[in-house]
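Consider the single chain below, provided in structure tokens and representing the form predicted on its own.
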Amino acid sequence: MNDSPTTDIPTSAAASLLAGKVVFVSGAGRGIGAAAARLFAREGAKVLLAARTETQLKTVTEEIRAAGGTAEYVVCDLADPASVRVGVKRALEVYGRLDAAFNNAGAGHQPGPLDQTPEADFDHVYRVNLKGVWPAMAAQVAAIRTTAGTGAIVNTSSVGSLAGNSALPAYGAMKRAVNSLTESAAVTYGPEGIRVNALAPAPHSPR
């Protein structure tokens, strides 16, 4: 049985699920973000891929196009609020609208207890995993509101945010804060038709 991911764009009715929609995906160069971008394209969406590494972005973008999907990319650093805003703006420049966003980019740190976690690691994880989500959502809400009118935003949290995390204390703390930020955004923008949710994936275990 072949368990490798596929990038084939189906021609069935399922392909129309996101037809005409535009989706912004950060952290789209590999892993969950790349898989999500491929899935959105298979469902008919036009995708704008964002990440720091251009070579990875180009590879995924070309895969989506080769399979019949529509994709563009922008180099974007979630730790830089200005870069994030430029990335979201690029979706409007290329496609003229924004319907959804998947804020998946993230950073980790070396495992260890709180007293052995360098302050520089804490600050980096804060800038990417928490502070980076704030301007991203603000820009995305504004873009959705002024173009599509309604839409959806999904943030990547972690199962490590749901309980005390002795191995990754800074990471767990930032992801738990993302849960709170997501919930606050959900109750704020849900009434106007912009849904905001978070995913809490667990580490992958080899079969």
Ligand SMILES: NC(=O)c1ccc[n+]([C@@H]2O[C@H](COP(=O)([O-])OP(=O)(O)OC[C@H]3O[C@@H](n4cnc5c(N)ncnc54)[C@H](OP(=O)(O)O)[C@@H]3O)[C@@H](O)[C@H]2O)c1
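From 1 onward, residues are counted along the sequence shown. No experiment lies behind these values; they were computed from the predicted model shown.
Just so you know, the form predicted together with the named molecule exists too; it's not on screen, but the next bit is about it.
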Can you work out whether T61 and the named molecule are in contact in the predicted bound form, taking contact to mean some heavy atom pair no more than 4.5 Å apart?
no
Against the named molecule in the predicted bound form, would R52 count as a contact residue? Criterion: heavy atoms within 4.5 Å.
yes
Closest heavy atom of A100 to the named molecule in the predicted bound form, within 4.5 Å or not?
no
So, in the predicted bound form, is G68 in contact with the named molecule at a 4.5 angstroms heavy atom limit?
no
Can you pick the one in A79, L130, L92, V86 that has a heavy atom within 4.5 Å of the named molecule in the predicted bound form?
A79
